[in-house]
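Quick heads-up: it's one chain on its own, the form predicted on its own, in structure tokens.
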Amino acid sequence: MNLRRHLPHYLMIAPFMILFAAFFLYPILSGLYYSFHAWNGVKTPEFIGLANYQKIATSRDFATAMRNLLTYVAITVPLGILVALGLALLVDNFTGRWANFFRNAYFLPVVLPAFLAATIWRWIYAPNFGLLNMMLGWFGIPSVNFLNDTGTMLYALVAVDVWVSAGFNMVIILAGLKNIPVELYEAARLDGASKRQQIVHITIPMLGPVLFFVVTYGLISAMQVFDKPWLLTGSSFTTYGGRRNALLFPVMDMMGRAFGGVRFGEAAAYGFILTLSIVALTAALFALRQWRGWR
């Protein structure tokens, strides 16, 4: 009786449930299954328990990738948000066509295809004819091979990532700025507050939820970095990571094991390790927000 009464509701959500099961639930469960097997994609999977996870955890490449990732996240996320916040505060002072011009100009890198952005920066970083080395030459500084020097490769990648992501974060922060009541700034000016004091005591606190979203999104995106270092170093599935693995990251390592080493079971285990790391980090951020009472 209840089934007949609720049948229209079940039929309405059925397409979503079918798509959810086919494109989300099934890949997760099959990935979990293969993570406990040795499988090359052709032969019958052989159950090996936790061997894939143990092999990854003791791998030197895994340690290198995680070290690169932690350094990359620690620099890219705060620097990217600071740049986006500065741009948003700057653009917020413009009105009319100038506001639209700067908003579109800073957002342009976001919509560029990854290969085009990488091509532009490979030209900028080129050791012999690149724009950056040409500018360094004006001050008598010798040419630097930014994408082949282990001391500069990571920072070169950070610059590209900040350039690409700043526009997206700027638009989000700019929307948050528009929602701050003007009366707060008027009252602060009457009390003699400087521009810096208004930013510190009004703008930043009122942008709390927006900044929390930007930080969370930035962390999740940064932990999945793949295309930029891959394209900047001209990698393949057998030569990924750049010189001395200076630009080796977990997703690259995972893809290399799957398509370079034809070890799909190991790659599935790698994917679960990475997924659980992202879920744990996100949960920690929300717990911190709850504990600190951020709204």
Partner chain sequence: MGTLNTLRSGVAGLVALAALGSAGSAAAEDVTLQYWVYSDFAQGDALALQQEFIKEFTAKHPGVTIEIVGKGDDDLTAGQVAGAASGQLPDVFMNAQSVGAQLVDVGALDNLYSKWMAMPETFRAQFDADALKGCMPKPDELYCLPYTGFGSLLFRNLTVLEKAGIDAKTPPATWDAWFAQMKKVKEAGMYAIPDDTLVFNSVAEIYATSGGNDSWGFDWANRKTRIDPAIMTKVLQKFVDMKGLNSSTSRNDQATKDLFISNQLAFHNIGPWVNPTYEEAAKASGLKYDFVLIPGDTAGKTGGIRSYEMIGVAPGKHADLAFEFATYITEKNQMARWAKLLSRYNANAAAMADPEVSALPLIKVSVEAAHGAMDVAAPYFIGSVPSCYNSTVTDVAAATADGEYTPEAGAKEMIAQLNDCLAK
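Residue numbers count along the first chain shown, from 1. In this text the structure is predicted, and so the values were computed from the model without any measurement.
Omitted here: the form predicted together with its partner chain. The next part is about that form.
- Contact with its partner chain, judged by heavy atoms within 4.5 Å in the predicted complex, is confined among 28-36, 230-238, 45-53, 65-73 to 230-238.
- Proximity of 86, 137 and 176 to its partner chain in the predicted complex is absent: no residue of the three has a non-hydrogen atom within 4.5 angstroms.
- Taking the partner from elsewhere, residue 262 is found to have a heavy atom lying within 4.5 Å of its partner chain in the predicted complex.
- The closest heavy atom approach of residue 98 to its partner chain in the predicted complex falls outside 4.5 Å.
- Proximity of residue 129 to its partner chain in the predicted complex: non-hydrogen atoms within 4.5 Å are present.
- At a distance threshold of 4.5 angstroms between non-hydrogen atoms, residue 122 is in contact with its partner chain in the predicted complex.
- Contacts to its partner chain in the predicted complex (heavy atom within 4.5 Å) from stretch 145-164: 145, 148.
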